[in-house]
Every structure is written in C-alpha cells, then in structure tokens.
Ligand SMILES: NC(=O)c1ccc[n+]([C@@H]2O[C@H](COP(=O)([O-])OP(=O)(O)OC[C@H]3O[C@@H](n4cnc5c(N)ncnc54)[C@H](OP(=O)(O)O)[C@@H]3O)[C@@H](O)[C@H]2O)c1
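Only one chain comes next, encoded as structure tokens, the form predicted on its own.
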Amino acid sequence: MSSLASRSLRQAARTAVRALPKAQAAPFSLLAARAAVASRATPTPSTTFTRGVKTLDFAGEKEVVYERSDWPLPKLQEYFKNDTLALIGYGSQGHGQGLNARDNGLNVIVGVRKDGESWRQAMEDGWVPGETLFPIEEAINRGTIIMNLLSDAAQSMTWPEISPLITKGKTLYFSHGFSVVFKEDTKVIPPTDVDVILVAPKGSGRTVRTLFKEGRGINSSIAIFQDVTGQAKEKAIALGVGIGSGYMYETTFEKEVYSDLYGERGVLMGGIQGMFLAQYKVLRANGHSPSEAFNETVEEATQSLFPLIGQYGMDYMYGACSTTARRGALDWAPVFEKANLPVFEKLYQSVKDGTETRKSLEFNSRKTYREDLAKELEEINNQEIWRAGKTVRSLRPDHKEEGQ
C-alpha cells in the first residue's frame, strides 16, 4: 500500500472512530474502525463512556488499576495530537509497541541505524524512509516523546550520542528500568529538565502485538522517575493504552527492574528450563523413552496444566487432577519450596546488588555477542529433551512448520 493510501485509510479510520458513540469508540485499535469504514457502518449519537480507573483488593492490599476504557480512541488521539512518538530501536518491543500505537492513530516515527537489519524490518512493516522512518538522531530531533527501546547494552553504548538530543520539553520513555536504575554501570543519567516515564508490558513484544490484534491488551507496569511537567503520570497511562496495554499497575523504576530480572532468571525462563531438564534426565536415566519423558515433563505442563493455572488458578488445577496426582503434588510442593527458597533469595540479592546487571552488560557488549549467544542457544536446541519435543509438537492437531 502506498504511503498516500495508507494516510488516507488512517484518516478515514480516525474520522470513523470519532463518529462512533463513545461506548463503541472503546475498541482497542483502529482495526475495528477500519472494518467499520469497509462496511460503511452508520454512526450513532454520542454517549458518555465509563471511567476505567478502579481500586481493587489484591490479597488484602489495595491497589489502583488503570484500564484502557478510560482512554477511548478519540480522547487518546486528542491527547497526543501535538506529539510525535519517536520510537528508537525496532526489536521485539519496538515492533509491537510501534505498530500498536500506529494502529491507534498516533503520530509515530521510527529511528534506527540507516540500512541496517532493523531498518529493513521496519520498511517491511510499512514504515516509510523520510516520512516515518529516520536515522536515530533525526528521529529524536523530530520527536516530542522519545521512546528508548534499544537493548539494555545498546542504551548504555549509545547514551553519549543520544543524551544531548533529549532537550527540554521532550519526554523520555523506557520500557525497562535497567539503564536508569543501574546508572553507575550503564552511565545512563537522564537530563533533569524532562519527564522520565516507564511503561513495561508484561510479555514479549510479539505478545504485545498479538493481544492487541485480538482486542485484549497486555498487562503493563507504569512508573515515574522524574515529573517535571506535573503531567508525567497521566502521560504514562495514556501511552500505556496507546502501545497496547489493557490494564496498568503502578510501580517504581527500581521495583520494575528488580522484579523483571528476578522473574526472567527464575520461574519464567531460567528456573523452568532447569526444572524441565532435571526431571527429563531422571526419567531417561530410569529407562523411560524420550517421548514419554517429554510428554510427562513438558507437553502435559504446557498444553494441559499450565493453561488451567493461567485461566483459573493453582487450586483449580489441583482440583481438576486425579486424587492420586493431587495428593502427591500437595505433599511435594513444600519440599520444592524449601529446596528452592535459598536459591531464589540468592538470585534476588544478585539482581539487587547489580551482579546480574554487570554480567549482562559484559556479555551483551562483546564484539562476539551474537556468535556466543548462538552457541549457547544451539546447545539448548541440541539437548535431547528439545529434540524430542520437536517431534511431539509436530503431532499436535494445530501444528505449523516451525519458523512460520
């Protein structure tokens, strides 16, 4: 689609969404509005929308939750009508957040190294050189809200060049507190005359995009590091909606980065890989076949039990299992808790004292970073558990060729 046609469609969608009643204008993206344009939907008179800010009880502690229904598209677009979101970096989060904000009708431009891989990927997604795609310095100069979505190591390496461009009146936005919280190691010290805010989606950039397209929206954390204008919090909430959040929870830069680094190394990624591998190895050592060991370790967890936890909670999952499974799980859960608690305490301390930060910066700043990473990932790929998994996955009814 040509850039002119794209702008025309975007303008038509904006017009359509503003003509919809506010109760209908709450759809999460212009995707719904574009469908309305295509079907020549007839607008109806305006009605008042319901505020989405609410205080909820989380296990006895009250927290305020912000939700997208408080920012229907006309209000969101009006709020940012004089702003240009300059999205620096086009990795996983840059891709997801940028496309979502663009579909929400906001003025977004992308800044990456010209003619590099990210530049090529951005062009494939419809960003136009000289119109919505620029070298990093030019994008920052054009932007009013600078969304620094470079990798943590890249933020540290590029800060000396980027910092002077973050001038008074701009807003500096992050999706991870890493660089600012560990400034002694990263040397990322924000200017004192700009708002510094954070919106951290609780998932990968691809999930941010997928949930947005499904009309659901991802959970996100918001935080304020520096409020110069007095509007930083409102701006963070609005941007959270703009980039595809469904619900937002308030935190601090420090707590966001501590919990994020801790969780990734723990049950989200590091811990689960270690647990899977240990259980699989014991099964194989006791004569179980690769398919049986994988099915009992990974397949049943990811395809049957873990979805139940996500949808209904741990107690529901226990209740849905056989009496024998339930009894054994209840008996052994405290054993695993006791064994793992010292490991998790050591992990959290390693995050808090900066040890994990220094390890990450050292590794991710190597000239051989990509080669070294590829070697480690290939080692996991070649582990028997995951080679067996490829065959098991190929038998699923909804299987698609890997890489599609």
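Worth saying up front: this structure is predicted, and the values here are computed from it rather than measured. Start at 1 and count along the sequence shown; that's the residue number.
Not pictured, yet referred to below: the form predicted together with the ligand.
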(message) Which is the contacting stretch out of 226-234, 195-203, 318-326, 275-283, given heavy atoms within 4.5 Å of the ligand in the predicted complex?
(response) 195-203
(request) Just give me the single entry in Thr251, Asn107, Ser175, Asn295 that has a non-hydrogen atom within 4.5 angstroms of the ligand in the predicted complex. (result) Ser175
(message) Quick check on this chain: which one of Pro72, Gly143, Gly89, Gly217 has a heavy atom within 4.5 Å of the ligand in the predicted complex?
(response) Gly89
(request) Please state whether every one of the three residues Pro290, Gln383 and Ala388 places a non-hydrogen atom within 4.5 angstroms of the ligand in the predicted complex. (result) no
(message) When the contact criterion is heavy atoms within 4.5 Å, does Glu117 count as touching the ligand in the predicted complex?
(response) yes
(message) Please determine whether Leu99 contacts the ligand in the predicted complex, using a 4.5 Å cut-off between heavy atoms.
(response) no
(request) Determine whether any heavy atom of Gln93 comes within 4.5 Å of a heavy atom of the ligand in the predicted complex, and answer yes or no. (result) yes
(request) Considering only heavy atoms, tell me if Ala139 and the ligand come within 4.5 Å of each other in the predicted complex. (result) no
(message) Only counting heavy atoms and a 4.5 Å limit, does any residue of 146-164 reach the ligand in the predicted complex, and if so which ones?
(response) Leu149, Leu150, Ser151, Asp152, Ala154, Gln155, Met157, Thr158
